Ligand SMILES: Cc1cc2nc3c(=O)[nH]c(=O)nc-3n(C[C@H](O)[C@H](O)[C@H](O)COP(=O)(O)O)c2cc1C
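Take a look at this one chain, the form predicted alone, written out in structure tokens.
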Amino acid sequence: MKFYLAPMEGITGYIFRNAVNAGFGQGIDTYFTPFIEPHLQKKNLKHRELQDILPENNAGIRLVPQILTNSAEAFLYLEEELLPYGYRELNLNLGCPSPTVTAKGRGAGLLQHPDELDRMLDGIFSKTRCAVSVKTRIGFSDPAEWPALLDIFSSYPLKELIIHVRVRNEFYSGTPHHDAFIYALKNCPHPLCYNGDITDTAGYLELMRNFEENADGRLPDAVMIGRGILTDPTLIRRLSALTAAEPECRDGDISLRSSGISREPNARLTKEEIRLFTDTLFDGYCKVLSGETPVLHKMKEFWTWLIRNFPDHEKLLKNIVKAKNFHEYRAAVDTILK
């Protein structure tokens, strides 16, 4: 099993990726950039985007740029800008549910127009010089859209199909449609990656058992995790250790002989790891952002997730949120980690 760190706009840039890789990178096979929007006939990579994809800012990391577009021509135009930096694999974003994105027929918005999607993929695969994967949702408003969409994806030589098992209108809430992923396991020839609500090892084990029992023994080739890593950066490390265990073993009542899943290792997140991780993030953002306010904004965003590891976390978070300068921020962190 391979494990990927999901792209999250405004969060998983190279500062974050490097901090995760340094402290918790064991088991993470691939990182994906937040999406880049191509624009025809002008330089595509803004300074921020260029810094994010530069190989020297991603040392020791396998990185795949993600592209957000509804145009084969624009995709290929940006591809030409990325090739000189050594990128030979690209990811097409068909999953973003943001109204500002979908209103322009991009991200999950393109799933409303299967014919246009088909034409774009045909245009990309007729000329691309890269391996291309797709990150998609299972439809725009109704899971019943999924079989027809999957037929389109199956007809092109995708490197991989990454499936977030919700429709666009569900955003990130509601119960994931695991039956849609089982359908893909049974009907799609491509390597498949599962994405959606993996937040702990018990849930992961139960999910894999469900797939194994209902998809003729086939399991995903990879799993992509986003929000679960923000709360517990050790999650992929622990999942990787599980799947690397010897086969034909048991975890409580869960048996997954073919995937080699065993009991969870004792490797939960520690206060020392939180200190090192947040200090690394803080120092990284201080180097690239101007002034205390933007750095504090970034750190407060991360702490809204990390704080959930502590008892009485809502009260503790208030001290972080109220910090108006670096001194108050550091004092709040010291109080939490005591």
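What you see is a predicted model, and the numbers here were worked out from it, not measured in a lab. The numbering used is simple: start at 1 and walk along the sequence shown.
What comes next is about the form predicted in complex with the ligand, which is not displayed.
J.: For the chain seen here without its partner, which of 223-231, 144-152, 77-85, 207-215 has a heavy atom within 4.5 Å of the ligand in the predicted complex?
T.: The contacting stretch is 223-231.
J.: Report yes if any heavy atom of A332 sits within 4.5 Å of a heavy atom of the ligand in the predicted complex; otherwise report no.
T.: Taking the distances in the predicted complex, the answer for A332 is no, it never comes within 4.5 Å of the ligand.
J.: So in the predicted complex, is the ligand close enough to P65 to count as touching (4.5 Å, heavy atoms)?
T.: Result no; P65 lies far from the ligand in the predicted complex.
J.: Residue-level question: is N93 within 4.5 Å of the ligand in the predicted complex, judged on heavy atoms?
T.: Yes, N93 sits close enough to the ligand in the predicted complex that at least one of its heavy atoms falls within 4.5 Å.
J.: Verify the contact flag for R168: yes if a non-hydrogen atom of it lies within 4.5 Å of a non-hydrogen atom of the ligand in the predicted complex, no if not.
T.: No - in the predicted complex, heavy atoms of R168 and the ligand never come within 4.5 Å of each other.
J.: By the heavy atom within 4.5 Å rule, which residue out of F35, W303, F277, Y31 makes contact with the ligand in the predicted complex?
T.: So the residue touching the ligand in the predicted complex, by this definition, is F35.
J.: Just give me the residues of 158-197, first to last, that have a heavy atom within 4.5 Å of the ligand in the predicted complex.
T.: Heavy-atom contacts within 4.5 Å come from H164, Y172, N195, G196, D197.
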